[in-house]
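Below sits a lone chain in structure tokens, taken as the form predicted on its own.
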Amino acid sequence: MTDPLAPAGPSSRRPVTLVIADDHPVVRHGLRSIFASSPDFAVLGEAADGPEAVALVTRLDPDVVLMDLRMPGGGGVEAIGELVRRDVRTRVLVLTTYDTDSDTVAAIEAGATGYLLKDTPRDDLFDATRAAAEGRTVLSPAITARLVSRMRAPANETLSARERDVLRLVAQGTSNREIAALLFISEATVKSHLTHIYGKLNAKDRAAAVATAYDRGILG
């Protein structure tokens, strides 16, 4: 007869289910192996790009999707936005090598629950994945420090690296479609960057933004 007062073992907890989205097979295999080492997790599937990740998450309904950001077949930010539009319950935990302001803010604004770098230690990755599954926001220490610095900076100094890239191309007369192709982002993301740029520079259009940027030394 089972003792009702005995503590429940680790197997009594339902494992956190996962989908891994990364364009590198070696990375996907490595992550699958890492999570297979713990009974607290179960990897349901792998995706090589954003659209495949959206399809898998919609079909498999995992607790968490580990999402890379820059994938040739379709980026992570666009995939996050699509999952939010579909109102899935799955939480998105970004796992990437990119820690720039533009990548971080774009992912969080799109709806990511957390943002980690790929050098995160195994146990920290486990803790973050559990936290994400519970809906808690998780940020790597490096990302947290960058965001705090960004919040404290004066408004006219907060153009991100990606926003400067976009503005530099605008100054060269590049169209939104061409900018999207050059930076491997969607046209919608380009428009979003431009909206942020206009607000930060208090500019009403592309020409005014470029002129203000030159005046302030943002573009040399």
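In this text, residue numbers run from 1 along the sequence as written. This structure is a prediction, so every number in the text was calculated from the model and none was measured. Rigid core: the largest C-alpha set superposing within 1.5 Å between the two forms.
As for the form predicted together with another copy of the chain, it is not shown, yet the points below apply to it.
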query: The unique member of D119, E134, D127, E109 whose heavy atoms fall within 4.5 Å of another copy of the chain in the predicted bound form; finding: D119
query: T144 within 4.5 Å of another copy of the chain in the predicted bound form, heavy atoms; finding: no
query: Partner proximity in the predicted bound form: K204 to another copy of the chain, non-hydrogen atom cutoff 4.5 Å; finding: yes
query: H29: touches another copy of the chain in the predicted bound form, heavy atom cutoff 4.5 angstroms; finding: yes
query: Partner contact for T195 in the predicted bound form: another copy of the chain, 4.5 angstroms, heavy atom; finding: no
query: Which of 184 to 192, 33 to 41, 48 to 56, 158 to 166 sits within 4.5 Å of another copy of the chain in the predicted bound form, heavy atom basis; finding: 33 to 41
query: Another copy of the chain in the predicted bound form - contacting residues of 163 to 177, heavy atom within 4.5 Å; finding: V170, A171, Q172, G173, S175
query: Core-superposed C-alpha of S38 shifting 2 Å or more between this form and the one not shown; finding: no
query: Post core alignment: H24 C-alpha displaced by 2 Å or more between this form and the one not shown; finding: no
query: Is_shifted L182 between this form and the one not shown (CA, 2 Å cut-off, rigid core); finding: yes
query: G50 and V170, C-alpha gap in the predicted bound form relative to this structure (3 Å or more); finding: farther
